[in-house]
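First, one chain by itself in structure tokens, the form predicted alone.
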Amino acid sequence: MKIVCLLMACLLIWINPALAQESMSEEEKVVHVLNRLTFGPAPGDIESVKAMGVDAFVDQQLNPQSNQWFDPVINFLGQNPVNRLTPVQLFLKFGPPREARNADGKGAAGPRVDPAKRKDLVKIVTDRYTHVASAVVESRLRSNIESQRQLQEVLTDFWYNHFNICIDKGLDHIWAGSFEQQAIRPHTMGKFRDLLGATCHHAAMLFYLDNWENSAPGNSPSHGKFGGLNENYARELMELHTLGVDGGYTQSDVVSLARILTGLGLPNKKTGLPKGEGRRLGYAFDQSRHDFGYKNFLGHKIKGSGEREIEEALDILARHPSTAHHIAFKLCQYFVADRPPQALVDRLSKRFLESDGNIALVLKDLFHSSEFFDKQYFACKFKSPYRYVVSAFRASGVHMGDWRIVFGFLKQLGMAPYSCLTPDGYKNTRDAWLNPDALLRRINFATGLGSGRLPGSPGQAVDYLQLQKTLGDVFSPQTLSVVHSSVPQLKAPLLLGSPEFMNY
């Protein structure tokens, strides 16, 4: 009965939204930066930003290393071995046992596995993968919810989605967290070229988009692998990571880039264990599989020189005008509006090129632009399932004892962390996530969280007055009327299920 009442009340709120205000108030500016630069306000955040000023808050978030915050999440991330180990170490500790690599009985190397042992080996692999995946998901959720360096958390989410890999593909079960911690997180506000290079060389990306199998045409296959050119990564590197689908490249450029990338893969007996950067990111370069011929790539002549060709190609891509536009558009769409203002995209694209891809400088221009604070863009974006859940935990202050419950809910909504199957990543626009079934699931989640009945939570109802204070003066008279006239146990769920909370 309570669920029915809540659904009816939420429906009343959604059918009768308040009219937009004529201009953005100072209170709205505070809420706006908290909604866009963070995963949503936590208790005390609005008061803190008001005290320091909006501009100071923006600059503080753009310079997380210069602020000596006490951030327990940083210690948690560092202590978790899943985040600390290199890809090779993760493979040795959590990867399939040697016998399990031939568990299908078809392996060309090593002893054939007795069918009686096969089931036990598969269980070992499954348990290892599940252990690592659970630790990685808990790390992501806890850091996004609890860290004070919120812009870094938001950007880690943005860039992981931009360079998406899926945890459900083979060895990426154990490498997805390393990819985020070692290839993405250190470069969220640095030079785009450094970010591009780290993602290109990380074992998780090389495995996900098959470049570990990419070999020179005519290369003699070994055990069914390394049999020739594989264009998968080369194509996505241009279409998704840099130039964009309309970036001006041709199929000939895809082939040339694939040839440039031949030999870049995972360590093996021939290459031996990597050192230095190769050890940190888990890659190795096999010269015997590289195509040393001349290439014509995006109008540039690339001389066959081995590994140096890869760096040359990445330099070309990182500094290309199409890349600048593609990145500027995605940042504006993520931080401003689903259909961002073209003038802002153009200015940020120019800034990207002038600063040699300095992400922090591009973001500084974005966050201090007139468009960012334009009244038409206040609360104009609809929260993705992931942002909705993280913002609900931040606002309510609820601490979960079992994050698997949250992962399961996000899976129901089609946005489980690290689980997007396609390389284009999860969408961040209203059209992708606003539908009746998703709204019903969100309201059910809001009921459980707000009433203290969510499995794995402490079991204490959320104080709706504190919740309202945390979120600020953003609720319409219609919403507040419905909330105040409802029974006490539904007040917090109604706030969490309101259109004002689902928009940001």
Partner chain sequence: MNRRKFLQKASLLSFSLLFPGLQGWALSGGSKIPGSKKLLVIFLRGAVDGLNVVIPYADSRYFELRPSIAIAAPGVQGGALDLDGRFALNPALAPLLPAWKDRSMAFVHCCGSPDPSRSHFDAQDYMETGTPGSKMASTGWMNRLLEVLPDNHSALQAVNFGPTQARILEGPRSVASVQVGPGGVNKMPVDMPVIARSFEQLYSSGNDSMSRAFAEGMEARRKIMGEMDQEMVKASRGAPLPGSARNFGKQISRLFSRDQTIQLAFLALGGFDTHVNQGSSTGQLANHLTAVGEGLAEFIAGLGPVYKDTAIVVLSEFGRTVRENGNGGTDHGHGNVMWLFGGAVQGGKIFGHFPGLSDGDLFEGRDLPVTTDFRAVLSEVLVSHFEVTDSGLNKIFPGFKNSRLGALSVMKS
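Numbering follows the first chain given and starts at 1. All figures in this text were calculated on a predicted structure; none of them were measured in a lab.
Beyond the structure shown, there is the form predicted together with its partner chain, which is absent from this document and is the topic of what follows.
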* Selected contact from Y283, F226, F352, Y160, since only one has a non-hydrogen atom within 4.5 angstroms of its partner chain in the model of the complex -> F226
* Exactly one of V54, L439, I46, V474 has a non-hydrogen atom within 4.5 Å of its partner chain in the model of the complex; which residue is it? -> L439
* Which of 175-183, 197-205, 239-247, 304-312 lines the interface with its partner chain in the model of the complex (heavy atom within 4.5 Å) -> 239-247
* When you measure heavy atoms, are M189, F192 and P267 every one within 4.5 angstroms of its partner chain in the model of the complex? -> no
* To do: Give a yes or no for A42: in the model of the complex, does one of its heavy atoms lie within 4.5 Å of a heavy atom belonging to its partner chain?
  => no
* Just to confirm, L467 within 4.5 Å of its partner chain in the model of the complex by heavy atoms? -> no
* **Close approach of N296 to its partner chain in the model of the complex, 4.5 Å, heavy atom** => no
* With heavy atoms only and a cut-off of 4.5 Å, decide whether F409 touches its partner chain in the model of the complex. => yes
* Who in 478-496 is close to its partner chain in the model of the complex, meaning a heavy atom within 4.5 Å? -> Q478, T479, V482, V487, P488, Q489, L490, P493, L494
